[in-house]
Each structure stands twice: as structure tokens, then as C-alpha cells.
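Before any questions on how it binds or moves, here is one chain, the form predicted alone, in C-alpha cells.
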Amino acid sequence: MLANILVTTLVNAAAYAMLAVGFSLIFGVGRIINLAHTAYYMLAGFSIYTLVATAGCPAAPAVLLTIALITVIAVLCYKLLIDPMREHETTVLIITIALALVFQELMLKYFGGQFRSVPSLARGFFVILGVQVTRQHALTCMVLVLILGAVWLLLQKTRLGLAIRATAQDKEVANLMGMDVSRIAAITAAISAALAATAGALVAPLNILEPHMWLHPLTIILAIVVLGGLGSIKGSILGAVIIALSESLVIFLLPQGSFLKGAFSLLIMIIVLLIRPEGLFGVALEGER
């Protein structure tokens, strides 16, 4: 059971961290709470289903094409709908939730409400600590962790990363220093969407696809970013691990009450906030300055 809990936690934590880091990035740079973020995750799942299960496209090109397609859609939505209203936080919240609902209704129209599944992108399994681990789980976890490491290197070791961190820390000063804040925000929106699309594409074979599948991850991601500290990359990753571990413990130790895993995750968030209201890492991108 311990090995099963570990494997499940690693896969879920990697996927949650991808979504939470993307959510935190766009909040840190643009001060945008993008409630459509997990809708891109849902779109990526249906894109993989269409390309792999329907069109017979090989796995690797299907994943790359999905990431590119969802990123383009997200950037267009950002430039046309969100960026013009970026200074009006309430309006942005309404626009993003409306955008997510539009994507949901489009999927309902074209795919219907029935559950669908995606064939494994990597077939077979191997044994670790006496537990059968599918190659799909291993591939998903490994790729997501590598991409999270690449994002960290991007933020810490490149000029673009410096510009993103500077804009997140103080947008006005970054603008006075000659940085194109609007362009940096658009690039950050693209990175954020690409992370959500990657998570959706790789996790799709492990989940059941349906048009409402963006709602549960949205609740979990909100819990994670509030738990870790809204805008903190380090907090998002640590929060993802905590929430994924709590879900795995509920599923394996209380199988009859596994439907309570979301409520248990939110309970952990509330307890942490009662002790530390600003979350584990507080200020936006504090750990990355």
C-alpha cells in the first residue's frame, strides 16, 4: 500500500504542480486569476483523444501538436479578451469563468456528455518495490518533473526569467527599466497555457475524459496556490505535493470515503491558513527573487 500511495502521489503531484505553477506565473506577472486555466487542461485531453484515438496520430507528434494548439488558443484569448481588461480584476474573473464555460459547452456539443478514454501513449509496465507501475504513469511523472525543472531553470538562469521575476516583483519599476511589461505578460500567459496543455495531454490516458473535467482540478489548484502562497512557484510545488499526498492517503486508507478527497484537501488548506494566513510562502514569487 505504501508503494501504491507513493506512485499515485508522485503522478498527481506532478500534474497538480504543472497546473499550479502556470496559474501562479500568470498571477504573479499579470495579477490575473485565470479561472479558465484548467479548461486548457480539459481541451488538451480532448485534443489528444481526437488525434490519437480518432485520427491515429503517433503519440509524440500528437502531444507536441496539442501543446502548440492549446497555447495558440490561450494566447489569442489572452490578447483579445483578458489583456484589454487586465486592470479590472472582477471583470477578468467573469471573463475567464465565462471562457471556461464556453469551452465546456463546445466540448459537450462536439463530443457529447459520455465518458471517453485515451489509449496509453506508452504501453506495458514494470515492477518497483513489488508494485506494478505502468509505463504511462512513469512517462507522465518523468516528463512533468523534467518540465518543472526546465521552468525553474528558465526563471532562474535566463534573461526572460529575470524579466518575468522583475515584472512579478514590481511591474511599474520593470516598465521604467525599459521592459515591455505587456509583452512579458503575454509570454507568461503562453508558458502558463503550455504547462496546462502538457499536463492535460500526458495525464489524459490515465483519466476519464468528459467536458466537466476542468472543475475538480480548478478547485484543487485554487487550494494549492492559496496553501502555498498566491503567486509563489515554490509554494505551488510544495502545496501540490501536500494535496496529492492527502488525496492518496484518503483513497487508499478510506476507500469507501474516497469521494471526500477534495473536501479533505480543502480542510488541510483551511488549517494551514488558520495558522499562517498568507500561505506557506506568502508574497508573489518571494522564493524566486
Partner chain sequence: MLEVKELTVCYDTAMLLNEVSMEVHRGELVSLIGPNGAGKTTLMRTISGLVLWEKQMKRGTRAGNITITGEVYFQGRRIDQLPPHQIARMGLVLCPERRRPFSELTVEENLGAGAYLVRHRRRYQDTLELVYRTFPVLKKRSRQISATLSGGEQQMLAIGRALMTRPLLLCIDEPSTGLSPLIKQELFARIKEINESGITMLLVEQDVNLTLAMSTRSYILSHSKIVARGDRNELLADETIRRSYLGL
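Numbering follows the first chain given and starts at 1. Remember, predicted model here, so these are calculated numbers, not experimental data.
There is another form of this protein, the form predicted together with the partner chain, and it is not shown here; the text below is about that form.
- Of the candidate stretches 191-199, 144-152, 116-124, 87-95, only 87-95 has residues whose heavy atoms lie within 4.5 Å of the partner chain in the model of the complex.
- Between the partner chain and the residues Ile73, Leu215, Leu139, Leu162, the one pair within 4.5 Å by heavy atoms in the model of the complex involves Leu162.
- Put simply, of Met107, Ala186, Leu209, Ala166 only one has a heavy atom within 4.5 Å of the partner chain in the model of the complex, and it is Ala166.
- At least one heavy atom of Asn175 is located within 4.5 Å of the partner chain in the model of the complex.
- Looking at Arg135, you'd find every heavy atom of it more than 4.5 angstroms from the partner chain in the model of the complex.
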